[in-house]
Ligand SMILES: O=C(O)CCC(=O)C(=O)O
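One chain comes next, on its own, written out as structure tokens in the form predicted alone.
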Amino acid sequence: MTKPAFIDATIPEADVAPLTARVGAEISNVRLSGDLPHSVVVAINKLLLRHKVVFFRDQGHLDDAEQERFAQRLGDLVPHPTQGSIVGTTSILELDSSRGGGRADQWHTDVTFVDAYPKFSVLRGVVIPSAGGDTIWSNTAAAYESLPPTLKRFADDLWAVHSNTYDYAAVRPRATEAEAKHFDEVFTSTIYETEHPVVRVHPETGERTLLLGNFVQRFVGLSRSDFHRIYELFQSYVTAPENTIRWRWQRGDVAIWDNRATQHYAVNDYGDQRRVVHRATVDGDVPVAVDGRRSVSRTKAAKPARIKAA
């Protein structure tokens, strides 16, 4: 495997440990903050593009404000379109397993039901179960490269409709009453629907990535029965073990991922224990297909205001 390139010695190669050949790296000896030198921020961005998701242990000094200050160094921040942000913050979304909507146990890419969905997510472990509660990420560029040539050509021409409204009971039959209520009253308080290419060209690396996940409702021009079979076929490449990394959380951990080139899944295996994570999201751009066409919003809902990067 080619070794990562670095801007300078601010993040020595010895402090970057790839976790698999295809996805994930742990970065040591970096104290995240809004005051990091520009060269360190650039190096983190470079590592994100290479490894798709990077992890930092021992970041217990961070609170919501400092998490936002750091995340803002990576780009403009944007709150969740329907769930908003924690009171007193501009963009932090709290995912609390003891409340509705806190268990994201479906394969997804964040907020793909809007056109310019987030490019990076910065997630901080606040309350971590003593056992369970891992998160799994997949490299969707590697998934695309794993496709046989015939499937690549098919995927290149395929478009999908993403929405934040779907058959929640069918997808999560064991959801609690509070979770179902949160979905109905909060998560779908405004309905979004966007047409995306199944294959987008990454704006920084030029890679082709599979743009799927649980917000996909149908493929344009195909029947629902064909959609389900074809979706599962493509998704099987995304979730293939060799394209994934599983992270065992500790309190104070921070994970940052390239939301344009990953899917993730929060494993719901910790029972009644509480799990709380706080997420800041960095605004993204409208995906571009292989043929140059751009994603199109099919709703008239306004996009949330951005908070400009420092």
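The first residue of the sequence shown is number 1, and the count goes up from there. None of the values given here were measured: they were computed from a predicted structure.
Only in words, not in the display: the form predicted in complex with the named molecule, which the text now covers.
For the three residues Y144, D156 and R294, a heavy atom within 4.5 Å of the named molecule turns up in the predicted complex in no case. H108 is the sole member of H108, R208, K119, R73 with a non-hydrogen atom lying within 4.5 angstroms of the named molecule in the predicted complex. The partner is absent here; in the predicted complex, the one residue of A240, V161, L95, L151 having a heavy atom within 4.5 Å of the named molecule is L95. Contact annotation for A104: at least one heavy atom lies within 4.5 Å of the named molecule in the predicted complex.
Taking the partner from elsewhere, R275 is found to have a heavy atom lying within 4.5 Å of the named molecule in the predicted complex. Under a 4.5 angstroms non-hydrogen atom cutoff, the named molecule in the predicted complex has R279 among its neighbouring residues. Under a 4.5 angstroms non-hydrogen atom cutoff, the named molecule in the predicted complex has W249 among its neighbouring residues. Proximity to the named molecule in the predicted complex, taken as heavy atoms within 4.5 Å, picks out 260-268 from the listed stretches 260-268, 64-72, 50-58, 22-30.
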